[in-house]
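Next up is one chain by itself, shown in structure tokens, the form predicted on its own.
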């Protein structure tokens, strides 16, 4: 194999068509009904609900709005929950597990309706998702899960045997898989830009590059210290995730920022794209540290992502790992150049479940575990209804206790490379067993 050439651009491919454009600077408000920390998908979705209910609301972001995961992700509307159904049942009981699964379906349906109703031009494509299996045992277990989803929740899900795999994906790496037609793809940066547009039009004030330094109780409300001055707020909603900092130490001890990296190929010939991705589906695989990939919205490139164990700088090794993974899947792409390689933080917690919770009067909407395209708007809007006391609209299976804290952790995930290597070793063992 020839040595692969590294990416030419270290910025997200998505920024080419939707560059970050911070809103005009606004005077710092003295008093607010609700102050939101974070102006990504969750913060803007919550602000939109609150503003339309007549609340004075402002979102403060330490970076440009959307500069974090909201414009860096893969744009796959999976709404995945990391623990499988059996694990959820063991931890929380069968009723809670089924409720969580059902809410994933509701959250996706809500997102698709929201995009249509609000007229969000984000290139949403309801193309479905193929999930690849490694070995016959995995395939059988995944086929049973697809059957259960179809019967219990009415989701269009079905198994694809190895003999039919090439109709869905142009590789022989997998030994069959499953399809879910309730999952699609969108342009994440355009989605955020449109969400920002609608939020601003509805009366949300957004303060870019204005970090929140601390949040203090002040009588019946809060005094929030920002980098440019104090603000008094009746309520505070924290919607940070993979970029949570010391302003909210309670949350920081419970969320682990994990780098997720994505590469984009140069434009490919139409006939090659048709051979490799005949149905233009979103693709994932049944591994603990596997790849996720998709065609670009215009169908001319392949974008492939995965977890990145690096913690500082922009090293070459993680890019090459994704590049080599791409070539293993599609040997035809050995000589294809990469146009972009970038990373962003997702946030994991010990339960690996998104949630809403309240601590010392502050409401948190966070912990999206790599599936924030679906969960962040859903959780953000439910948190807004919680703040307003709308019990019926706020009801969600994800409103329960805070995530457990992580011992000896204060925001520096020193243990992360070891954990990722452990997961990769488990994957290698699983692959070895599947090949026997």
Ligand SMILES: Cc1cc2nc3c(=O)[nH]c(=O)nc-3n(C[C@H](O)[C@H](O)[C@H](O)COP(=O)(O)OP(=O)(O)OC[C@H]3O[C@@H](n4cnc5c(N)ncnc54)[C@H](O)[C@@H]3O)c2cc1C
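Residue numbers count along the first chain shown, from 1. From a predicted model like this one, the values you see are computed outputs, not experimental measurements.
Absent from the display: the form predicted in complex with the ligand. The rest refers to it.
- Mapping the unseen interface onto this chain, residue 37 counts among the residues with a heavy atom inside 4.5 Å of the ligand in the predicted complex.
- Residue contact check for residue 48: none of its heavy atoms lie within 4.5 Å of the ligand in the predicted complex.
- Of the heavy atoms in residue 245, some are within 4.5 Å of the ligand in the predicted complex.
- At the 4.5 Å threshold, heavy atoms of residue 261 reach the ligand in the predicted complex.
- When contacts are defined as a non-hydrogen atom within 4.5 Å, all of 63, 210 and 240 contact the ligand in the predicted complex.
- With the ligand left out of view, the stretch that reaches within 4.5 Å of it through heavy atoms in the predicted complex is, among 329 to 337, 152 to 160, 342 to 350, 313 to 321, 342 to 350.
- Checked against the ligand in the predicted complex, the candidates 387, 58, 381, 69 yield a single residue with a heavy atom inside 4.5 Å, and that residue is 69.
- Taking the ligand as positioned in the predicted complex, the residues of 356 to 371 that bring a heavy atom within 4.5 Å of it are, in sequence order, 368, 370, 371.
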